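Consider the single chain below, provided in structure tokens and representing the form predicted alone.
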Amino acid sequence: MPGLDPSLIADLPSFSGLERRELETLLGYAQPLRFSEGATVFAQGDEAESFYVLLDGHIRVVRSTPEGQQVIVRYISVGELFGIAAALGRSTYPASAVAAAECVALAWPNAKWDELTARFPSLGANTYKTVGGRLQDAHTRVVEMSTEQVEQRVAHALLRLVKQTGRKTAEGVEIDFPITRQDIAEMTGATLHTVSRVLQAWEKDGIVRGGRKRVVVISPHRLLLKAEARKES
């Protein structure tokens, strides 16, 4: 039975620096998986059995607080690693991963993490670079949560998603996966009612357009002004 094609991961940042033969060896340990929209890839607190790279779709990373509140930590896009508990020195997953759309991923056993990163040092280096970037993102969001008004937080959240997954359409820039107002509330620490009120006002002003699980940013510049709490000239 033929192995997985190295071209699946050859151009992904997490595997830069690896030769084709090394990619073939690495893929020999991988298992391809498919998840339907809404499926849980792994749950917060589960034993970390695998780490993954996303080949298609989008993953929502969700953390539950001790009070039972759901917080969306981030979205994982195509080409990104996730479930990398071993790189954090953890034996359990610190958050849950849920398919925001139908997804295809490759999974490697966490039991092989030390062996694989020793054999392919660039894999470890690229992973720790990813972890560092996510810690910086988390720091930025903590500052936003503690210093910004809800309208600013919602604007920043939408701008991040546009930058990460935006797809140009005739209407504007569409966030390229299903997203609800509840999702935006969980990203920004706001209530559903408040997020709905903000988005309705922006729709009326022609800044965004919403729909069922759909958000299109019509005017990224005006949304940026909202994020920075600046008045339109």
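Start at 1 and count along the sequence shown; that's the residue number. Just so it is clear, the model here is predicted, and its values are computed rather than measured.
Another form exists, predicted in complex with another copy of the chain; not displayed. Remarks below refer to it.
Among residues of the shown chain, Y128 is one whose heavy atoms approach another copy of the chain to within 4.5 Å in the model of the complex.
At a distance threshold of 4.5 angstroms between non-hydrogen atoms, V142 is in contact with another copy of the chain in the model of the complex. Another copy of the chain is not shown here, but in the model of the complex it comes within 4.5 Å of a heavy atom of R63. Among residues of the shown chain, T40 is not one whose heavy atoms approach another copy of the chain to within 4.5 Å in the model of the complex. Per the 4.5 Å heavy atom criterion, another copy of the chain in the model of the complex is contacted by stretch 142-150, the sole one of 142-150, 159-167, 100-108, 75-83. With contact defined as any non-hydrogen atom lying within 4.5 angstroms of another copy of the chain in the model of the complex, G189 is the only contacting residue in 182-218.
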